[in-house]
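The chain below stands alone, shown as structure tokens; this is the form predicted alone.
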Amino acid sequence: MTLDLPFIWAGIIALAVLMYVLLDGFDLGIGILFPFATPQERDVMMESVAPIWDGNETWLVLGGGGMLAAFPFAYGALMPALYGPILIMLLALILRGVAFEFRHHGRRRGKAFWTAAFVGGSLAATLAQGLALGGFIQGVTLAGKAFAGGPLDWLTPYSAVVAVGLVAGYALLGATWIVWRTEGELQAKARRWAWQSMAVTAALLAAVSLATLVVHPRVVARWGFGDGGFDLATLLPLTPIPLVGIAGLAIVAWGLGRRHHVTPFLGSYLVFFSGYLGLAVSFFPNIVPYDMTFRQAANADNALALMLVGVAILLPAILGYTVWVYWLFRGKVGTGAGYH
């Protein structure tokens, strides 16, 4: 039996991107929510992610490095197409990481400066990710396997709406994380933030979903729309995907209304998972929309096989470490006391 190495590697990259969004999304969301908290509450919010935030970004390294090694033609086409937002994202993540460590040791002025840097880095990284995603959905202009578009193709009203929607979505993840991991007045505030960010996320998710259907005719056809009507045979098997997103929003609302702790966070994860599945269905098997499939972009099989041996060791280690750390720091975070 011969392994389908390009398909396996496409699954590994897809998993890495999904894990990054789900895990780093809530700690970016915490930075986005920082301006609405008191200084003491900000310390608690930071403490809630201090043991795990840098581990969350491991998935970004795996996704980017895996793309370069396994799908070099896709990497070579996407990077010049999205240089702007990717460079902004990386610089913002560096600023945010430095601010995370330095804020704890800063005095009055220093702490205020690093707090602003943490907020700015979180917001800039999220907006950059949204702009890159919007540019990706719009499609990349290719000549053969090389990028043939302009340096600002990613900067459009559509990508701006996607970026704002991602800010709202990460804020929802951050707010529901705080609901889960804190208590008292901060938890009550986080519930209000979660209600507000959920409403904005739902509105922008609907707007982006409708706009995506008109960005490219191939997306429209993939979902069974076109020629003034729709194809039920194509559409019906895909209806569970948006229904999962609606169910996620309902679970968030129900959990917040019942004053649950972890349920709203799980519901927000369902919302993101639904959106991710929707994108996968819209593009597959293209890895560079809409003219390069993952097979066309893949490296040679012998290289993929060699790297698969390494990732077969690395991926379980990353997963095991992630599960262990989240289990170890599973309690509530108290003011001045850390985890308990």
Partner chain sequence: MDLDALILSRLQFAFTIAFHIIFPSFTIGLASFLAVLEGLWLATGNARFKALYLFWVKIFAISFGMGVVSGVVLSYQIGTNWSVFAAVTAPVIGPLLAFEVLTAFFLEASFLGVMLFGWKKVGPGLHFTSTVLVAVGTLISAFWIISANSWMQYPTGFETLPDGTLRTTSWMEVIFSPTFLERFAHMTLAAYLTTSLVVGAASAWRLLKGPEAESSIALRMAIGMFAIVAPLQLVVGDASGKRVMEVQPAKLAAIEAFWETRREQAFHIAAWPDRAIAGNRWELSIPKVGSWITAGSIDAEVKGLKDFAPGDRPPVFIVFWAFRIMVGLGVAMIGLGLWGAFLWWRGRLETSPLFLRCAVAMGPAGFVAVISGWVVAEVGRQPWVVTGVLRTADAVSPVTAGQVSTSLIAFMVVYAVIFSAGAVYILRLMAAGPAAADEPPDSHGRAPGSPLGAASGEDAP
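None of these values were measured; they are calculated from a predicted model. Positions refer to the first chain, counted from 1.
Although not depicted, the form predicted in complex with the partner chain is the subject of the following passage.
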{"item": "4.5 angstroms heavy atom contact with the partner chain in the predicted bound form for E47", "value": "yes"}
{"item": "Partner proximity in the predicted bound form: A188 to the partner chain, non-hydrogen atom cutoff 4.5 Å", "value": "no"}
{"item": "G120: touches the partner chain in the predicted bound form, heavy atom cutoff 4.5 angstroms", "value": "no"}
{"item": "4.5 Å heavy atom contact, A202 to the partner chain in the predicted bound form", "value": "no"}
{"item": "All of G267, F272 and M292 with a heavy atom within 4.5 Å of the partner chain in the predicted bound form", "value": "no"}
{"item": "Contact segment among 251 to 259, 132 to 140, 145 to 153, 162 to 170, judged by heavy atoms lying within 4.5 Å of the partner chain in the predicted bound form", "value": "145 to 153"}
{"item": "Residue (of L210, I94, A233, L243) lying close to the partner chain in the predicted bound form, criterion heavy atoms within 4.5 Å", "value": "I94"}
{"item": "Contacts with the partner chain in the predicted bound form, stretch 64 to 83 (heavy atom within 4.5 Å)", "value": "G64, L68, A69, P72, F73, Y75, G76, M79, P80, Y83"}
